[in-house]
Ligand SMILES: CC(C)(COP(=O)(O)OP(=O)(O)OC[C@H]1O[C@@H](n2cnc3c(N)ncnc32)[C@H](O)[C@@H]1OP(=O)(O)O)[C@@H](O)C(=O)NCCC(=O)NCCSC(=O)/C=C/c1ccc(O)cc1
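Given as structure tokens, the chain that follows is alone and in the form predicted alone.
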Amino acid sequence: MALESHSQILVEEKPSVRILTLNRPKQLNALSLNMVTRLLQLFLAYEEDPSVKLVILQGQGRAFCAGGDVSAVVRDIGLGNWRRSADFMSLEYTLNYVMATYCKAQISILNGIVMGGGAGVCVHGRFRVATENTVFAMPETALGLFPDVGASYFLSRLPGFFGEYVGLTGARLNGAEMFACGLATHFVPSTRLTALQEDLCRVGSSDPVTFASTILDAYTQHPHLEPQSAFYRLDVIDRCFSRRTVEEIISALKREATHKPDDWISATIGALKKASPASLKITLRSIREGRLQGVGQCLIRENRMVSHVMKGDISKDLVEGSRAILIDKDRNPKWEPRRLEDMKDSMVEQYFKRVEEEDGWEDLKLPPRKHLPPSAIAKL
């Protein structure tokens, strides 16, 4: 058994399996440029290596991965170098696409925090294993960003309008909720993970996807949802989050609250009111467009959107949100525009256009993928 260390990504080589460990535990395994570059290099190499049957991805410490390194992105923007951060995002989206179209089985062990960019490096893979320690969220609207990394593809494919709810509010889901809504394919108690990994490493010459599926099914439990779980509110979520605009979603929630006062509805309205108006509006449109697009189209569109967010011509909410939440931590962002009604449709529209006036900026060019089985495309 070989163990190779590129410090931020640990590589353990078993006869037919590679175990990759995200290794920035103090930063909750937030993705750096080094990590994304290395993961892309490894995934592409393993695809060409016939001896590699399965790839297991996990995180060191109490997180799987808490997302991209937003502080580094905001630092670049502050130095007038938003293009460097936009290039990082393009590379991250390329990795997401390779994972979404991967012809070998990726098994992600989500024993801890999974947020933002962390969802991008697991949800696109074939198998996602949640535990009782899993905490999932797409918290971008509270930061002045939007759920990216292909979230407009995977959130739009959750039951009903649950994806709009998760993406707009930044709601936290536990492992049982991830499993119930399909973001996780399996639920395994953390005490069984070591044994699970040992069994997965016994993959032989049999079909690796069937083998992995059989092993995972044998370990999976069906956890009970907590009585207050948002997943029990799907009827309310569908009634409210199916509305055409963010304003109409909030009005519908307020109407529900007048019929029957409810802490969950109050908290949901509160989360929407705290979020960036610009972020809420582009997020809703992004998820709605994602319902009709393939994963590649979603990533190309999200790359346009994130370039506009970083350039900051329409709104500088990412810098302000990061200041309020991550840097000064006063949790009191001064959004601009301040109100939903001031974020006009024409402003929203700009985020979905090419960044025309920028020298050398190009739409995301996804790598050609050859000999793909149909199962490599749609995993959700």
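All values reported here derive from a predicted model rather than from experimental measurement. One rule holds for the numbers: they count along the sequence shown, beginning at 1.
Omitted from view is the form predicted together with this ligand, to which the following refers.
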| item | value |
| --- | --- |
| This ligand: the contacting residue among A105, V246, V236, M310 in the model of the complex [heavy atom, 4.5 Å] | M310 |
| Sole residue of M99, V129, L143, L183 within 4.5 Å of this ligand in the model of the complex, by heavy atom | L143 |
| Whether K26, F88 and P139 all lie within 4.5 angstroms of this ligand in the model of the complex by heavy atom | yes |
| One stretch from 270-278, 162-170, 113-121, 207-215 that, in the model of the complex, holds residues within 4.5 Å of this ligand by heavy atom | 113-121 |
| This ligand contact in the model of the complex: R62, any heavy atom under 4.5 Å | yes |
| Contact test in the model of the complex: V70 vs this ligand, heavy atoms, 4.5 Å | yes |
| 4.5 angstroms heavy atom contact with this ligand in the model of the complex for M35 | no |
| Non-hydrogen atom contact A45 with this ligand in the model of the complex at 4.5 angstroms | no |
| In the model of the complex, residues of 225-249 near this ligand [heavy atom within 4.5 Å] | none |
